[in-house]
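First, one chain by itself: the form predicted alone, in structure tokens.
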């Protein structure tokens, strides 16, 4: 009798232990890290995905596009987030575009300047122009707001204007878009550059900033990054993020969806 009881207990232990292992290894949680531009959109997508997938937990963390790429490669994240295309040294990774964005130059709303040429922007960021009166504005020092290393907005800005980060004469170094918007909205003499989507969203809610028109657009893809071709829960979430089911979330944050009609 004792032998049968032990056998039954051992059998139950193996069954439940096996179930626990499968559950632990099963895809019930995803970790996304990276771009502060992609993160708010990914978070809203994650909330909607979780509602239709009970028991699934998606953790979204920021830190910049470079972090997203590194974390995806090293396995610290299931999915990285990058607001740029992968470069040649990252060609071993897989990129999945979920929307498109741009970068805009922003000023404080009280600044009467409504446009700047590319040369003027270059001269402001390299310290050749230090006061707004030099470009037709009031006598007020210019506070140059620059992005920190590892941010894709910095890379795109430098490439577009043909600058090197070592030549930038920054007054303030900021990380994510919200920090940049907060800095510019609180300083009448500040100039910065952030995601168009983030800037238009904040401007629409009354944040005292203005977006300057660009002579040519600084556009970029918003990507999810994986180490390998995705499968399981990661694949399900990526396909969901690329579907028409989230177009409203993309448009609410002033990004352009994959399904947007061409103009």
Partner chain sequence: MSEFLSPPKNIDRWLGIGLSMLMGLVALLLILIVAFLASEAWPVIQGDSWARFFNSDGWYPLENKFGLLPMLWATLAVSVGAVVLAFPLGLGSAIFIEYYAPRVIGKPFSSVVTLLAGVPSVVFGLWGLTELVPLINNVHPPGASLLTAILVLTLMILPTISLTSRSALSSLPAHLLQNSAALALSKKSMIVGVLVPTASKGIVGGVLLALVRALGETMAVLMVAGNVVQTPSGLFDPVRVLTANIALEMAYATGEHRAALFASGLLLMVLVICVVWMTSRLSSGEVNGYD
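Model, not experiment: these values are computed from the prediction. Numbering follows the first chain given and starts at 1.
Form predicted together with its partner chain: not shown, discussed below.
Tell me which stretch of 76-84, 91-99, 131-139, 118-126 has a heavy atom within 4.5 angstroms of its partner chain in the model of the complex. It is 76-84 that comes within 4.5 Å of the partner.
Site test, 150, 170 and 187 vs its partner chain in the model of the complex, non-hydrogen atom cutoff 4.5 Å: Answer is yes for this spot.
Do residue 66 and its partner chain share at least one heavy atom pair within 4.5 Å in the model of the complex? Heavy-atom contact with its partner chain at 4.5 Å: present for residue 66.
Could you tell me if residue 174 has a non-hydrogen atom within 4.5 Å of its partner chain in the model of the complex? Answer yes; at least one heavy atom of residue 174 falls within 4.5 Å of its partner chain in the model of the complex.
Should residue 114 be counted as a contact of its partner chain in the model of the complex, where contact means heavy atoms within 4.5 Å? Heavy-atom contact with its partner chain at 4.5 Å: absent for residue 114.
State yes or no: in the model of the complex, is some non-hydrogen atom of residue 160 no more than 4.5 angstroms from a non-hydrogen atom of its partner chain? No, residue 160 sits far enough from its partner chain in the model of the complex that none of its heavy atoms falls within 4.5 Å.
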